[in-house]
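In the block that follows, a single chain appears as structure tokens, in the form predicted alone.
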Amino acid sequence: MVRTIYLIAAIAMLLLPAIVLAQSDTAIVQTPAAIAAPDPPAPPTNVVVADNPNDNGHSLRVQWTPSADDSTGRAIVMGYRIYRATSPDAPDSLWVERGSVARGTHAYVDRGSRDPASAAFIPKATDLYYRVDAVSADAAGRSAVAVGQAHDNWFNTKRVIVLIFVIIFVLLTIAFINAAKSGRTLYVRPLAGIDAVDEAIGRATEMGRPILYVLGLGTASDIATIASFSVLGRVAKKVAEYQTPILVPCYDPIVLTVAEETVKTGYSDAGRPDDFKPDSVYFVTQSQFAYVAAVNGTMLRERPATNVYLGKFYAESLLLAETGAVAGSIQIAGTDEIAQLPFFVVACDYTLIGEELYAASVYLNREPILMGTLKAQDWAKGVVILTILIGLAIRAASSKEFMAILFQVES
């Protein structure tokens, strides 16, 4: 019995490697058949490529119907990848991935650059081919290829509200210009700084001191300098009538030429052309702080009764205004440089803030075209403010939280 058991064990030991080897061979043979190829999701369908509206003409919009396995079916889609090529038959290596979006998305905007040297450049009126891949964890379902071109857009439909306001402003401008030309008196809001000009000239006449008029450091093409020329003409006419001396130190040679002619015209309009003194309008320097030092020296030596600062000013604004205040002059200032306005407000008696400087020239000249434009600007501002208030009211009325707080009754 024992011998029989030993015999069976020996046979089993001899057969065991063969059994193991046989099982291993079976496993090796069965492996290729056991690993199945990944099953890709259903591809997106109805891919359409079209010009993206309201852009600079260098982008395309790709739309598609999501894969049947997106959120329904097998629900294995994780997202979509958008590829672009210049030929529908391009090999895979030439299809460039332009972007990817999450599952459930059905559109993508391929925004390009205007620069031809840029890698993101999208040419106009050129066929570009796109495909969309539905991507799962281990496979991708490739859509059919669609073609499209980018084109210029002649109007941005998102700016319709701007167009409406422009039309309203143009109509208001034309209406007010016609009203001014017909001789109708148009009301212009009073400007304290301009109303004080006559008072300041009268004070200078009584004191027997000159008026100092500073045009700033701008050039003759700056809007602030042009507006200042208009006020200078009015001041020159007044000082000619009152026979009060005026000093106009200039920073720019071209501004000097225009200022000289403006003052001369003011004296002529007042009927005193012979009283104009060419030395009263003079060039100082084009060095900023050297100019400031020269003008400050004039203030301390001549002790002008009135200083007028109208134009474009920079860091020298406070130096000028502070020296004028120390000299005891009445000071009227105005500039469109927002950073300098606080200095003029604290150091001067009257300040024209921002666009009041432009309105000042209209206020003095009463020229019909300028009057019509100024009135249209004021009305346009009113329309904008009214529109904002109406929008806020509608927004507040549509807010449940705001209405609950508004009508909340405390016990």
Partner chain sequence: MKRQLPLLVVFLAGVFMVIQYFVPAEFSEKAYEFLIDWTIIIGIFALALGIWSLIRVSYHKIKTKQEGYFYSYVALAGLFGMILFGFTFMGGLESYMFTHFFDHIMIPIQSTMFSLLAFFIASAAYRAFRARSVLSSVLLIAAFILMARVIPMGPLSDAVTVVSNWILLVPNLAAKRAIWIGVGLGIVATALKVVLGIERSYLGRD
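These numbers come from a predicted model, not from an experiment. Positions refer to the first chain, counted from 1. For clarity, a rigid core is taken as the largest C-alpha set superposing within 1.5 Å between two forms.
What comes next is about the form predicted in complex with the partner chain, which is not displayed.
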Close approach of residue 226 to the partner chain in the predicted bound form, 4.5 Å, heavy atom: yes
Contact of residue 362 with the partner chain in the predicted bound form (heavy atom, 4.5 Å): yes
Contact label in the predicted bound form: residue 281 to the partner chain, heavy atom within 4.5 Å: yes
Contact label in the predicted bound form: residue 199 to the partner chain, heavy atom within 4.5 Å: no
Heavy atom contact within 4.5 Å of the partner chain in the predicted bound form, the stretch among 147 to 155, 102 to 110, 129 to 137, 207 to 215: 147 to 155
In the predicted bound form, the residue from 96, 192, 186, 254 that sits within 4.5 Å of the partner chain by heavy atoms: 254
Selected contact from 120, 318, 75, 179, since only one has a non-hydrogen atom within 4.5 angstroms of the partner chain in the predicted bound form: 318
Contacts with the partner chain in the predicted bound form - residues in 337 to 356 whose heavy atoms fall within 4.5 Å: 338, 341, 343, 346, 347, 353, 354, 355
Core-superposed C-alpha of residue 153 shifting 2 Å or more between the shown form and the other one: yes
Residue 245: Cα shift of 2 Å or greater between the shown form and the other one (core-aligned): no
C-alpha of residue 370 off by 2 Å or more between the shown form and the other one on rigid core: yes
